[in-house]
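Subsequent text provides structure tokens for two forms of one protein chain, presented individually as structure 1 and structure 2.
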Structure 1
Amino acid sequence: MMKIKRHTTLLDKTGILIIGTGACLFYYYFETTLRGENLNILITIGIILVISLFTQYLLNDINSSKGALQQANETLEHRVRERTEELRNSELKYRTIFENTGAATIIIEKDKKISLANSRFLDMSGCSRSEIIDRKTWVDFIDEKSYRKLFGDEKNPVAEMPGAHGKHVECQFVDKHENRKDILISFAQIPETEASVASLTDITELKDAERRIYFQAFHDALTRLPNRALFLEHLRVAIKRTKRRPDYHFAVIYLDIDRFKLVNDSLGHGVGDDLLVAFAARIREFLRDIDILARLGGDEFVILLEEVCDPDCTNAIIERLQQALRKPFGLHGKEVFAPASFGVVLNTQDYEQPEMIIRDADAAMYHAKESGRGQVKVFDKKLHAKTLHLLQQETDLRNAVSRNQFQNHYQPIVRLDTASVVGFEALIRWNHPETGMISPDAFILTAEENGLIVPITRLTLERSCRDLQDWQNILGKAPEFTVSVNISCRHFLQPSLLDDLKEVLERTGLPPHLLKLEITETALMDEADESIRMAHRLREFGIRLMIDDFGTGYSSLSYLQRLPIDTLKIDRSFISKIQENPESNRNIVEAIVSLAHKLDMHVVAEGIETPEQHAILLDMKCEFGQGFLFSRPMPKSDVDALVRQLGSFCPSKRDQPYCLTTGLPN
């Protein structure tokens, strides 16, 4: 720029010198010409002068253009400097962003090669920059499985990439040292180029959490086996496969550990849990890899036997499992046996819904349990009919509750020495509109299972209290009869039981001490601690408790002592065999009577049918009894008549009031 200026000044000066010299020459020759000499020279000089002037003018113009050009050049230079600065800043900015996005970021060219990678990516890959740039493609860092998921089976890294703009893909990243990570790759096309930018986020923790949540949702926390939901899914797949492949067969086994509650109650829940884990492991050990073992809850397990060509195959596996369960489990230094009952469904091709298979396997298991412990029952047509009957019964029972089709029959409880009535046991009957009177043994179990036992018992309780009030009214005040109502285990453990009882007593006005509740020994044993708590609450309220069917369970003396029990009712099975030889039954009854007395409890002997049984019991100092010898259970109207009759005997037999005419001791 300075050079141009110098040249311009030089030209200017030379021009002025030429013009000045020209002008002097022109003046000299002009004077000479005026004197008549050198006209030609004058003209020449004049022309030269004009040319010089014009040249000077042109030079001046060039000079001024040069100046403008120079200025423009300067402005341009400035602008370039500015833009370069801006570009540098922008580059710096984007490089900083690229480096610090928080995610591993790479630029991928059309051929999938990585042309730029930030330090995070280098850290993630374990490679140096030179190992990656223009050498590796992004798919070099993706594991085989993810690759197949993204591109299909074709091994072609430059095949159509899923990295369309804005697309996100999850895959497994494999670094230089073969370490694996779960990553999320987000692709974005770089405008007006064929390259894209991909940012990779490590989502391993997220995926682990997801896997944990999935595991928790579909597995049992204790045994880590699949749960019901996952098992149903496997069954669904198996059913579909049966429809596709006629040669494919599967079987389902429902398993329930026998007397598991006893383990829980006697050895504690910790041992119970350990037993479940050990049980699951042992069963698993005897299954094939393709079979599925799941825990449905509690002590109930279910197995899906895959590819069982014929029933013999299933039988062989069941036999193996039973064999395995004959050996004890060593838990906390103790040997614990855990035999199980098996319910099997073989004809699985008949099913459309997995739930139905489980239902029928469960029904088969239930029947196996009924026919003794450690048994196997295969679901068949007969069982199917029985299940249908149970289902029908359930519907009928619901109707029976809403239409109140139940009746109370009452069986007197007597003092054995005088045969005087001291109370009545309420025994429910179902007056079915089609089949007539149904005994409790035929429906109580179903009612217990479907929970209808609770409303049914409420009806029985209310009626018992009202009927007893009626009899008290017939007789006048003293002496007082009691009424015993049977309470099933399920109802006994309901926290609402006490409120139900209070409500009924309040409504009917019966004093609590005239109401007795009969609970079977096994029911009390099922949830020992819970039962003890409930028993105390009832006793505090003034209601008396009896243990029904005593002798059939396994209550320990220490357990009995912890229960606030008023009366033990000796099970009928002992009384019916009391005369048999050898005398073991007699000894048992005698032991129960003396045990009860030592624990300050009363004793009632159930099912006394003969005078001999009566005499033996009297001999043993058993105070109370009940049985056909004295009276069969009878409807309310018959009891009304009996009570009137008893009342009329009363005045003459002050020491033996309310005596029955039958069953009097000799």
Structure 2
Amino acid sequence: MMKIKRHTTLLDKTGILIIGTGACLFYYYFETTLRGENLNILITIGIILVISLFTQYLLNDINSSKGALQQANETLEHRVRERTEELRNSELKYRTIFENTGAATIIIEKDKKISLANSRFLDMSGCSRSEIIDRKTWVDFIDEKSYRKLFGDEKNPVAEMPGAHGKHVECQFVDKHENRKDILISFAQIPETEASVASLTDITELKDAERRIYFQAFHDALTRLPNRALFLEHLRVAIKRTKRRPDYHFAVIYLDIDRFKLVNDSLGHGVGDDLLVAFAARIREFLRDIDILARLGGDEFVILLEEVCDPDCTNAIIERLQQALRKPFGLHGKEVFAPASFGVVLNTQDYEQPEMIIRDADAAMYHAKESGRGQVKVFDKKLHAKTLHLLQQETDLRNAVSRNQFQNHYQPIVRLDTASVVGFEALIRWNHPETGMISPDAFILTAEENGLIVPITRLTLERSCRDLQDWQNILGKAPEFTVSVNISCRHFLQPSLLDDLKEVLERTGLPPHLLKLEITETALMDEADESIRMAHRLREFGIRLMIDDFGTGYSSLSYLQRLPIDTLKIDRSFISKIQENPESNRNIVEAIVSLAHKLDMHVVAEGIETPEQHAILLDMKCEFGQGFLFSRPMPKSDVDALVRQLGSFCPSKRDQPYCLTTGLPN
């Protein structure tokens, strides 16, 4: 405002000067007029005065407008300076944010070119700013697979650029040196422009963790093969493919290493794990790239054979696998053999659920094992019916245990020289409510596999001890019988076995020395050291041990010396042919009898059916026997009658044995 006042004063002085000059001129002309009385001069002076006044007016107006304009300009300049400062501060702030956002950030123009990039992006790309700005597009930094995923291909192009509407995309970032990493790109449209801002976050560690989690969820940790879950997914895809393509066929093979438990028990679980890895690697060598090998658990593997044109193709693959698996594996300086049993499902077109295919392949493999090690079994309808029968049998067995549907039959054991009863073998029978009485051969194997053999044996033991105690009460102190009960290896090796037996004997009142446990020699050898420890504990308590079916298993003399065995039972397979092959079976039986006597053991011959067999065994000095010649297995009611008959005979003729074949004193 002070500047404007100074300009006004200056203009006023100029105006006064003009007016003064005009007055001088006026005076000059006035003098001239008085002298010359010239009217024109007066007119001229008047005009000059008017001009001077008008000029003064104009100058004053101009000075006033100039002052207002000056003031407006200065106000505008002040506001411009303030706005410029604000913009500069705002730009500095946003540039600072852009530069220090924590993520690699770029500005992308409509043509995909990068118009601005922060330092994080430069570090990530390995490029300088001059190499990127307005020179490279953002898609120059993603791999081809990511490009096709985002933009499609020639046949299926994607017209709209990713991120046009705030999209997030995952892709592979490729830097200047061809290094790759997983990134997440977040796009945001810049308002009122055609440009976008994109933030790139390195998610490599996250994706690696995700891949590890996925691998652990769908792969076996030991062999790194697909697990059951992933294999089932492959099967689902194969089943769907068969519905779309009638010409597509696939097959499934279920494998199980024969006697894998023996490897673990003898060489240790570390060697067992190494065998599983080597086993899987060898199988993989003989499969095609399109085939899928998975480990279901333990020593069980399964194969999906893709695009098999006919059964011959599958058979050829199986034959190659069998030949390969017959060769030994070199593990820790030892040769380990690992043949496998195969279950195969060929007709897969009718399946809807993958679990059913694995179930049937497993069933076929199970039946292959029953046929012998290293065998192959193809699943068919008969096998399916058998599998359904086994499944139903398992269900019925569980109900039978809970409802106690089992009964004991007893076969007498006799002295061969007098045919007099010395004890009984308890033989379990299943009284099925629909099918009637079922022999143990029809259900014991199923009971052993699903663990029901333990509660079944407990029921048999308690009933046997209770029945024998009842018979001893009828007979009094003499004669004193024993009862023999078959026991499975699984039950024999349970730490609670002795406690269970003590509890049963205490409840029934039967003395321990009247109970004998029969176990096969094969079962004893599966866990030899543990079996020996358990046998000694039983013997110390007073329970006697018998080896059943002697001669059909290991027949190892070393364990016979270490085990506190009371009796050897010669298998009926030797007795039945003792007449037919006198040079073989007879010699074997005679050797067993002689061996038992030298080891201070008793001998029981099973399956005696003819007087000739009886006579031969007597000639060998075999002490005891059982078989149809003397008696078939009897229900308790028949044994009750026999015991009462013995009770009525014994008091009067205690010095004469009761002959079971005649019912008369011998």
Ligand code: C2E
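Residue numbering: structure 1 sequence, from 1. Note that this is a predicted model, so its numbers are computed, not measured. The term rigid core refers to the most C-alpha atoms you can superpose between the two forms while keeping them within 1.5 Å.
For the form predicted in complex with this ligand, the corresponding chain is the one labelled structure 1. Superposing C-alpha atoms between structure 1 and structure 2 reveals a rigid-body rotation of the smaller part against the larger of 15 degrees. The shift recorded for the CA atom of residue 404 between structure 1 and structure 2 is 4.0 Å, with superposition on the rigid core. Its Cα shifted by 10.2 Å, residue 596 is compared between structure 1 and structure 2 on a rigid core fit. In the core-aligned comparison between structure 1 and structure 2, the Cα atom of residue 61 sits 6.1 Å away from its counterpart.
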